[in-house]
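In the form predicted on its own, a lone chain appears below as structure tokens.
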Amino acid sequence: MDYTAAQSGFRQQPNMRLRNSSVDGPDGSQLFDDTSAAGPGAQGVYRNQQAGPQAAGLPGQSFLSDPMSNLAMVYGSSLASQGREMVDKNLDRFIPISKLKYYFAVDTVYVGKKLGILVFPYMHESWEVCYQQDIPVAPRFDVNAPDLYIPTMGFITYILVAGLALGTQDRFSPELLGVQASSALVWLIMEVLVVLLSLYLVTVNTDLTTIDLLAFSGYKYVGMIVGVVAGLLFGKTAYYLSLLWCCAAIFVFMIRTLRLKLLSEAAAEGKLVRGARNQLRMYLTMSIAAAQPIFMYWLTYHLIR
């Protein structure tokens, strides 16, 4: 038996459009895109699209968050620090950098006074080096302390003046200037080695170090520069006169400086020396002082014509 809507006695519910259903236009096309029914997956895709450029801009963030990479960075930094300490330790063994800082601790006042003593040492009275708790004070506080600033600058200036002298004589060439510099350096090293050997053979107990001897031997470049510049400006006669003056000055300077280092206390005070060992020390002091004028003339005579 067929039952219809009229026969069932119930009213047929009208067809109602749901809110989430699509609205079609006259031609059956959808007017609006339904985004309310999008699930979490679609929202995640949207978030990933926004976070994508930011995540792409930090490629090392995942690397830094890796525990193994952090451990490798710590291990590499520790190896670098250990290597730096090892290099500094071995370098200080052969080149005492901490001691070299002492010899370059100078100022303008010290340099001016030291140059005056090197050129005119006859009026200088006190030649003793000052100490503070058995440690010599820095050169800028004591004009009698040896330094490496004046010898270093003197050597460089001597090479420049030698190049100028060769240029005025139309004899300049880089090779000849290199020979001039290397010969001066070789003679300086040989002089220091001979003095060290002599001190060992004479068995002199002194606080002179190799750097001290290098400083004292380098002071002669000041007189050499004065002689060459005088020769370039006023001729050969001025060269000989100025070099003679500087040779006598460096001889007196070396005698008065080294006698406090090499001779005994009695000999340093000017008393009569009777012991054979003290006489050897006196001869050694005289030999070191007398060698300075010889080197000064040998390294400069060919620059003045």
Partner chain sequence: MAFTLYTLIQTAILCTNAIAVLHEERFLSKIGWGADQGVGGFGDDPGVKAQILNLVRSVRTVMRVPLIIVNSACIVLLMLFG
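Numbering follows the first chain given and starts at 1. Note that the structure is a prediction, hence the values are computed from the model and not measured.
One more form of this protein exists, namely the form predicted together with its partner chain; it is left out here, but the text below deals with it.
The shortest heavy atom separation between Tyr122 and its partner chain in the model of the complex exceeds 4.5 Å.
Contact check for Arg277: a heavy atom falls within 4.5 Å of its partner chain in the model of the complex.
With a 4.5 Å cutoff on heavy atoms, Ala105 does not count as touching its partner chain in the model of the complex; it lies far away. Met73 falls outside the set of residues with a heavy atom inside 4.5 Å of its partner chain in the model of the complex.
A heavy atom within 4.5 Å of its partner chain in the model of the complex is found for one listed residue only; from Leu177, Leu115, Met190, Ile156, this is Met190.
Taking Thr206, Thr152, Ser173, Ser183 one by one, only a single residue has any non-hydrogen atom within 4.5 Å of its partner chain in the model of the complex, and it is Ser183. Every residue of the trio Leu197, Tyr200 and Trp298 has some heavy atom no more than 4.5 Å from its partner chain in the model of the complex. Taking its partner chain as it sits in the model of the complex, the stretch 110-126 never comes within 4.5 angstroms of it through any non-hydrogen atom.
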